[in-house]
Ligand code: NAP
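One chain comes next, on its own, written out as structure tokens in the form predicted alone.
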Amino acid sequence: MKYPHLFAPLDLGVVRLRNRIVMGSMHTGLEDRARDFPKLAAYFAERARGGVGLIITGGIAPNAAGWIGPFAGKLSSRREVARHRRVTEAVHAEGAHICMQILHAGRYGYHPLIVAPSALKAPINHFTPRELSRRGIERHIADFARCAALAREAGYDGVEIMGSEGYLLNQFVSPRTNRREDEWGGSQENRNRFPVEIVRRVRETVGPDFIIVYRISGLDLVSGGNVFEETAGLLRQLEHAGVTLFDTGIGWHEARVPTIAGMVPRAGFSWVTARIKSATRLPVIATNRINDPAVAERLLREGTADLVSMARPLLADAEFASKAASGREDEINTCIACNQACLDRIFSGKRATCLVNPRAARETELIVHTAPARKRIGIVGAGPAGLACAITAAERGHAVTVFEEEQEIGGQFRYAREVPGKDEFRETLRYFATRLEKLGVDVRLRTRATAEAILDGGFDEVVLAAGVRPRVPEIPGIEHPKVLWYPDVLCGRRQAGERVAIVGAGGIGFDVATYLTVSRPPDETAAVHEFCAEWGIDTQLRAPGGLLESARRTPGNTTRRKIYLLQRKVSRPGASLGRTTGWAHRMALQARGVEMRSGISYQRIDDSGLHIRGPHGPELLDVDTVIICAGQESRTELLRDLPSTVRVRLIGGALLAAELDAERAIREGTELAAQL
């Protein structure tokens, strides 16, 4: 076997896991309503069928005060057990094990009932928590124990107690958020008492033959957090209290350091797991930005961890484990760490899914079954929308032909993959290319789809997924030699100068600014080193919270260009970027010296540079390059040439170019193909 460590069984004494792959906890929104539990069961069952060893559910509160939001997932009554049993039975039927995560949000809860060790409002929340009384603490410990007992009754193999990411247990342990002066605060021993007592009481309640995973914060990434010496002490106490294995937690939600975004190198925090493993005799789970079986195998082989957690990668591909085990790695639909359809949606109160896999968490709704009759389907355009439509239609048994005028597939993904931090987009194109070949799709590269070609093809269905072209803004001098268009820059056809103005501060403008200011590190080790240095992370774990604010620096792989990032809107540049990653992109560009401006009108472009008018009047930007990233327009000219008798279905950018959105494009392509 190519990955002997990854697929080695692990005997925990309580159960024997069939391999070392853990589907880590990730909230989908299906946990929050009883009516959605059949969907949740199907979602987890598909991952279990795909070969994962252990599944950990999204966070379930032990009481109403612990809700993430109003009426979120909770297990505190026997009336709630039956819905959970449906989930555990579905997972066990497919040969996997499952633990329920008990998560108390503490001051992170978005509702007025929240409690915390001290009445300190979180910077990411509107609500101020009520300080728990001594009696309230005792009630909460009892609620955790009762929740675990109910989880056992529901058929779970164990529970994961969430003690990281800045949630309630983490809040008790940290001097940043625990200002108490009684027996539950002050000294490290007192601050540790709450989680230790919870684990002790849970173990006492559920007995010895039940898994207790504790997710411990190995790196807080907030000022005033714990040092690793304190974490090591907590590890030892939790061992004695009854923990079965430890899971690695990285960063609080209020931290201003990215932890799972694409800019984080693969396995970029595995060194934290190694420190945890060195401080305990129990098995340890590695996590964060591990999306490749080879990387997972290396971590296990080198002794960094005993298991590897992959949450979003299993959202992206439910068959990740079985494909790796059977030597079909090239068929894995790799997580690209974009957060667009998963975390961004969850933090907006919507159900999570996946940009590259729109069936995720919709397994009972978006069903791809064999077509009742085989059709000839012509698809114009091999961007994300066209590719998703092509492979889904081919999977259903249709004969598919794809017309693409460029020399390779990918559409806008071809530009995104060139941006540092979006390297994973290459994996999506690799996945699509592999599926097209294995499914026998007729892909005609360097072939413009004309009306004659479409009519001669005799297609039963025609899908227009030709994507977009850059919009040409009305700026005098737009034809000046200084002007470049973002596709030419990102694909390397044209080179920008040393002084650059970028017209448009949306997602593409930010991508171009990143592309122009960062060069890729030579290898994975250098990438992790540069990342930690850029974000001020103490790799020695001696600073409180693991954060060296004074040591944060511009990364060594930053170029010396002067960049202006401009937009007409008066809102903050990057306001339309992803909710969970936009702030990180803004901070990174600011650290590299990119000057961002809003409320700009463009007067003209000439030999002197770019003439603008801003909030403080007219100004000349002495630049040698002006890059246009001012939106897109749909490519639908083929419609004018086709007779009205030909029905054409539009998807992706061809349907709507106003907001270029790969998640929408892939979803539309998949949904359409599932119906053809």
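All figures in this text were calculated on a predicted structure; none of them were measured in a lab. One-based numbering along the sequence shown.
What follows is about the form predicted in complex with the named molecule, which we do not show.
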The stretch from 118 to 126, 451 to 459, 251 to 259, 560 to 568 that lies within 4.5 Å of the named molecule in the predicted complex, judged by heavy atoms, is 560 to 568
Taking 4.5 angstroms as the cut-off for heavy atoms, does Lys422 touch the named molecule in the predicted complex?
yes
In the predicted complex, does Tyr602 come within 4.5 Å of the named molecule, counting heavy atoms only?
yes
With heavy atoms only and a cut-off of 4.5 Å, decide whether Gln632 touches the named molecule in the predicted complex.
yes
Within 4.5 Å, heavy atoms only: does Ile212 come near the named molecule in the predicted complex?
no
Answer key: of Gly545, Gly504, Pro195, Gly166, within 4.5 Å of the named molecule in the predicted complex (heavy atoms) is Gly504
Of the residues Gly593, Gly397, Pro476, Pro473, which one places a heavy atom within 4.5 Å of the named molecule in the predicted complex?
Pro473
In sequence order, which positions of 309 to 345 have a non-hydrogen atom within 4.5 Å of the named molecule in the predicted complex?
Gln340
